[in-house]
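Below, in C-alpha cells: the form predicted alone, a single chain.
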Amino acid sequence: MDQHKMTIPADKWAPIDRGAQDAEFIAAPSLTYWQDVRQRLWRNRPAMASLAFIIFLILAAIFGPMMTHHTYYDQDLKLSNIPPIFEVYQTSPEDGEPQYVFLNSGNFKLYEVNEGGEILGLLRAKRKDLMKKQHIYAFGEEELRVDYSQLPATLVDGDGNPATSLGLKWNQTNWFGTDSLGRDVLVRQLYGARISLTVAFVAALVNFFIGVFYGGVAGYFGGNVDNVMMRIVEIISTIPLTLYVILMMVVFQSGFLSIIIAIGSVFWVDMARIVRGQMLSLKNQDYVAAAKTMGASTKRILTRHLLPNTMGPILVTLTLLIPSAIFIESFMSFIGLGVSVPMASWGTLTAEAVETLRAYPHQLFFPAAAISLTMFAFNFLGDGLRDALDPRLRK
C-alpha cells in the first residue's frame, strides 16, 4: 500500500496568513429581525406590486379630484350616459368645413366633437320620423340619419349608406364617461375611493385598538376573566357580522359616520381572538417571568414585552381586515344603507350602474374593477406580510 502513496514536496505548502481582523470577519452582514422582514417583503413581487397599487390609489383619491374642473355632484343632463370610447363620424357639407360627430347608441342622440375626441355639445335633430324610427340631422346640404329601427342604432347618410367613420376615439372631456345624470364618472370614482378607503382604514384602526386591548387583557389574565370575555366574543360571533352591521345601520340611519361606527363596533372579534392566542403562548416565556420578578407592572409587561412580540400576526390581520371593511361598506351602500347622495362610494356607484347595465356596461365596470383590484391588492400584501413576518422562514 505504501508504494501507491503520493508524495507532495514541502515547498508546495504554505500557511494561511490570518490576521486579527480576519478572525472577526463575517461572510454576510448580520440583519435584525425587521431588516430581514423588509428584505423578504421586497423580494415578494406580488406583495410589492400590490403595495405600489395601494399607494397610487391613495394618492389618486387625495389629489385626483383637485386636478380637474369636474366635481362629483355637478349634473349636465345633455351629456348623460356618454361612453369613455366612441366612434367619430365626419360630415362633408359643400358650403363649410367638415364637422365631427358621434352617436350614442344607448339614447339615439348625436353629439358634436372635435377631431381629437373632445365633446363640444349635443346636436338637435332637424326632425324625427317616428314611423321609420329615424332622427334626421342637417349639416348644410347634407343630412345624417340616426336609424334605430334595428338595435344597435346606426348612423347613415340621406341615401341610407353608412356615414364616414374616423375610427374609435377616447373621450377627452370625460375620460371614464358620464353617468345617467351627466356627472363625470372618473371624479366620482376617485371621490368614491376617498369614502371607501377612509371607511376601511378608520374601521380597521378601531378594530385594531379594540381587538388588541380586549384580546390582550383576556389572554394575559386568563382564568375567569378570559372565560367571561371570550364568551362575550362567542355571543357576538354567533350572529353573522354583516347582519349586525345592517341592524346597526338601521338604528343609526345611513351616513358616513354611521357606517364607520357600525363596522368598527363588531369587526374586532377576529383581532381579539388572534391577540388572545398570542398572549396565551407568550405570557409563560422566561422574559415575562423575569419582568415580573423585577417588579414590572402589568401595563408595562403588556405594552413593552408582550404586544411588540405579537405585532407580526396583528399586522397581517389588520391588512386582511381592510378589504373586508371595503366589501362591507360597498355592500351597505349598494343596498342603500351607505353614504347619502350626492356623496359617492364604490358601493353607490355600483348600485347606480346596475340600473343601466345592459345599455352602458362601462358604468359598472369601473367601480367593480376598483373594488376587485383593491381587495386583491390588500390580500396579496397580507400574504406577503405573513410570509415575511414568519420567523421560521428567516435565513
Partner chain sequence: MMALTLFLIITLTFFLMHAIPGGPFTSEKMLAPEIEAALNAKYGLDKPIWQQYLSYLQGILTFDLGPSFKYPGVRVNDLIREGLPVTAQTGFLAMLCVVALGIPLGIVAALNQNKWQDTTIMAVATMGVAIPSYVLATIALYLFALQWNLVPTFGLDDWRGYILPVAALSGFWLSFIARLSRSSLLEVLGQDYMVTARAKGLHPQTILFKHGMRNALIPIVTVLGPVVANLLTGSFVIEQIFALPGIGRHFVLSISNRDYTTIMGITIFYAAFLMLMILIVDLLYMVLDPRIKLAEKS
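Keep in mind the model is a prediction, meaning the values are calculated, not measured. Residue numbers count along the first chain shown, from 1.
Not on display, but discussed next: the form predicted in complex with the partner chain.
Trainee: Counting only non-hydrogen atoms and a 4.5 angstroms cut-off, does Glu234 reach the partner chain in the model of the complex?
Mentor: Residue-level check for Glu234: yes, a contact with the partner chain.
Trainee: May I ask you to state whether Thr350 is within 4.5 Å of the partner chain in the model of the complex, using heavy atom distances?
Mentor: Flag for Thr350 set to yes.
Trainee: Quick one: is Val228 in contact with the partner chain in the model of the complex, heavy atoms, 4.5 Å cut-off?
Mentor: No, Val228 sits far enough from the partner chain in the model of the complex that none of its heavy atoms falls within 4.5 Å.
Trainee: Does His69 reach the partner chain in the model of the complex, with heavy atoms at most 4.5 Å apart?
Mentor: Although the partner chain is absent here, His69 would stay clear of it in the model of the complex, with no heavy atoms inside 4.5 Å.
Trainee: When the partner chain is placed as it is in the model of the complex, are Ser50, Leu57 and Ser180 each within 4.5 Å of it, taking any non-hydrogen atom of the residue?
Mentor: Checked in the model of the complex: no contact with the partner chain for any of the three.
Trainee: Between Ala163, Ile246, Ala138, Ala153, only one gets a heavy atom within 4.5 angstroms of the partner chain in the model of the complex; which residue is that?
Mentor: Looking at Ala163, Ile246, Ala138, Ala153 one by one, just Ile246 meets the 4.5 Å heavy-atom criterion.
Trainee: State the residue from Val250, Leu168, Leu257, Leu120 whose non-hydrogen atoms include one within 4.5 Å of the partner chain in the model of the complex.
Mentor: Result of the distance check: Val250.
Trainee: Though the partner is not shown here, which residues of 355-372 have a heavy atom within 4.5 Å of the partner chain in the model of the complex?
Mentor: If the 4.5 Å heavy-atom criterion is applied to the partner chain in the model of the complex, 355-372 yields Leu357, Arg358, Pro361, Leu364, Ala368, Ile371, Ser372.
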